[in-house]
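Shown below, as C-alpha cells, is a lone chain in the form predicted alone; questions about how it binds or moves come after it.
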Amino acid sequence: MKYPTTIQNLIECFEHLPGIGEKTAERLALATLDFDEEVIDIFAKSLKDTKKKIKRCSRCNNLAESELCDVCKDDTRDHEILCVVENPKNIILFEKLGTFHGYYHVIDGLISPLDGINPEDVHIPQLIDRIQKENIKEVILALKPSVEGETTSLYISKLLNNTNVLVSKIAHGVPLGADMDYVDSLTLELALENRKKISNDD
C-alpha cells in the first residue's frame, strides 16, 4: 500500500534535502499534517520566497535580498580587513561569535585540480579585484583545514605576495578535549605549524 499521491509527492520533495533519507522524509511529510493552516501558508511562502528573493551580494557574494547583503551595508565595520570564506554559511558562524568587525568575501568553493576546480571557478579573480579596488590592508583566510583549503590559501597568498596586503589565516589545530589517538595527520601537522609559545612569567 502506498501513501496518497499528495503525501508521496511531499515525501519525495523532502528526500531532495541533504542528509534526509526515505524514513526521515516520510516522518517530516506526515508531521506537516498536524500543522495549522497558517503555519503551512508561511512554510509554503518561505520556500517560494527563498527561490525568488534570495540572490548573491554584488560586493562579497554573500546571500542577500537586495543588491548588497546586510554586512556590506554596515558602514561601521572596518573597511581595511577582509575575511575570505568558502561559503555564506561560514559568515553566519563568524557573525554569531560577534568578534569580527571587518567585511567578508565568499569564494564559493576551494581549488581542487583533481576535481577540475580551478581558481577562476571559485571566484578568486573577483576577490583579487576587490582587494585592489577597495584598498584592503589585511586579508584573513578562514578556509577549511584540508588539502583543498591549504591549496587555496597558498594560491591566494602567492597572488598577494608582492603587494602591501597583510595575509593571515585562522589557526587550526587539535580541538579542546580531543583524544590524540583519533586526531588525523593533517590536523596534527597544522597544530604543530600554528603552535604558540607558553608564557612563563613566574
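When you see a residue number, it is the position in the sequence shown, counting from 1. If you're wondering where the values come from, they're calculated on a predicted model, not measured in any experiment.
Not pictured, yet referred to below: the form predicted together with another copy of the chain.
Please check if residue 144 has a heavy atom lying within 4.5 Å of any heavy atom of another copy of the chain in the predicted bound form.
No, residue 144 stays farther than 4.5 Å from another copy of the chain in the predicted bound form.
Residue 35 within 4.5 Å of another copy of the chain in the predicted bound form, heavy atoms:
Residue-level check for residue 35: yes, a contact with another copy of the chain.
Is residue 22 one of the residues lying within 4.5 Å of another copy of the chain in the predicted bound form, judged by heavy atom distances?
Contact with another copy of the chain, yes.
With a cut-off of 4.5 Å between heavy atoms, is residue 133 one of the residues that contacts another copy of the chain in the predicted bound form?
It does not: once another copy of the chain is placed as it appears in the predicted bound form, residue 133 has no heavy atom within 4.5 Å of it.
So another copy of the chain isn't shown here. In the predicted bound form, which residue out of 166, 154, 171, 39 has a non-hydrogen atom within 4.5 Å of it?
Only one listed residue qualifies here, and that residue is 39.
Would you check whether another copy of the chain, in the predicted bound form, lies within 4.5 angstroms of a non-hydrogen atom from each of 10, 27 and 53?
So, yes: the whole triplet contacts another copy of the chain.
Can you tell me which residues in 50-84 come within 4.5 angstroms of another copy of the chain in the predicted bound form, by heavy atoms?
Sequence-ordered list: 50, 51, 53, 54, 63, 64, 65, 70, 71.
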